[in-house]
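One chain follows as structure tokens, the form predicted alone.
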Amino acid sequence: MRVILKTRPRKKPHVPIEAEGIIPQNFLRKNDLSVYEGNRERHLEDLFFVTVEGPAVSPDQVEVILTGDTGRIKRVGEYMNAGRIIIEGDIGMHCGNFMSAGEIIVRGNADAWLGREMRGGRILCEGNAGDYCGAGYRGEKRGMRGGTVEVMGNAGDFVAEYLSGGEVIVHGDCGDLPGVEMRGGTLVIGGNCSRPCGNMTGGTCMVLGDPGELLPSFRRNGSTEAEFGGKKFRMAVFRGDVANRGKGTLLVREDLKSSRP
């Protein structure tokens, strides 16, 4: 089954749409789906032109395609457990919250909290991602626990905060404090960042660009070789964050100049 949702013109296009109901499993049901435009509940058909092509007997056979002015749509794919969502443009905050299986593809940019507290599945963002990509929400001590988030462009601050499992891959630059409070999992940063992995207690982070000034609570522990994108790199190995009795591993590319000691 293919479900195509094309946004209708709106009088107030800057009002966000809360659309946690847009997940493949919900389109197997016969009851009407609703979303919120600001604080007003709307039928799905009030805000989208809906086209359904073909049958499905299980959620993994459902593909949902969002097209049009999608940058203000929030919480798409929340609690998704099967199937595929393809977003042809940008997407709003909290895409893929608590996702446990399936696939989300974002052709444009994603706003903050992409893959928040994700459990499984795969998210591919072909553009840039905002702050808190793959992170835990405020007050939560565990962020992503499984699955993969891959960002082909850049990402903002606090990427993979409280990462506990799974994999976050950013091909471009990250902002400040990526991997802060990491407990497990893998974070790969293809470009530059600032102050990675503060208070880290587990997991592995690999930085292929300039990490800026490393926190002084990491200890150098030799060198190793790592592979990314089909290429091999010589990496300096740091253990830490020893200020929190950390046993995490921070790998930093050796052949780049940086402000680290």
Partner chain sequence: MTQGILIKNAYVIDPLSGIRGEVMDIAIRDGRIVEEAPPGSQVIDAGGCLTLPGGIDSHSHVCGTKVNFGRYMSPEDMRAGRTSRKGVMHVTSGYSVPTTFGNSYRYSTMGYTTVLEGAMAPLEARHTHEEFTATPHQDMLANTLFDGNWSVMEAVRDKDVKRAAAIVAWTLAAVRGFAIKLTNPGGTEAWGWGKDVANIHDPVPHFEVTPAEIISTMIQANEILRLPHSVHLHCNNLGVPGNFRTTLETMDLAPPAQGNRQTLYLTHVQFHSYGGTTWRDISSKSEDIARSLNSKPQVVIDMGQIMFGRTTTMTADGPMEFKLYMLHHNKWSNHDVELETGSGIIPVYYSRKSLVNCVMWAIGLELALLAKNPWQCLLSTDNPNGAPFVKYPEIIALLMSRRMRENERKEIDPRTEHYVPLFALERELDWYDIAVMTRAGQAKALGITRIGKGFLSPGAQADVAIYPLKPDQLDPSVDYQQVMAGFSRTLYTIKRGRVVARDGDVVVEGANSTIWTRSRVPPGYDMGSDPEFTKKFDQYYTVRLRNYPVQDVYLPRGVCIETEAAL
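Residue numbers count along the first chain shown, from 1. This structure is a prediction, so every number in the text was calculated from the model and none was measured.
What follows is about the form predicted together with its partner chain, which we do not show.
When its partner chain is considered in the model of the complex, Glu117 lines it closely, a heavy atom lying within 4.5 Å. Its partner chain is not drawn, but in the model of the complex it has a heavy atom within 4.5 Å of Glu140.
Stretch-level contact analysis of 148-156, 82-90, 164-172, 109-117 against its partner chain in the model of the complex, using heavy atoms and a 4.5 Å limit, identifies 109-117.
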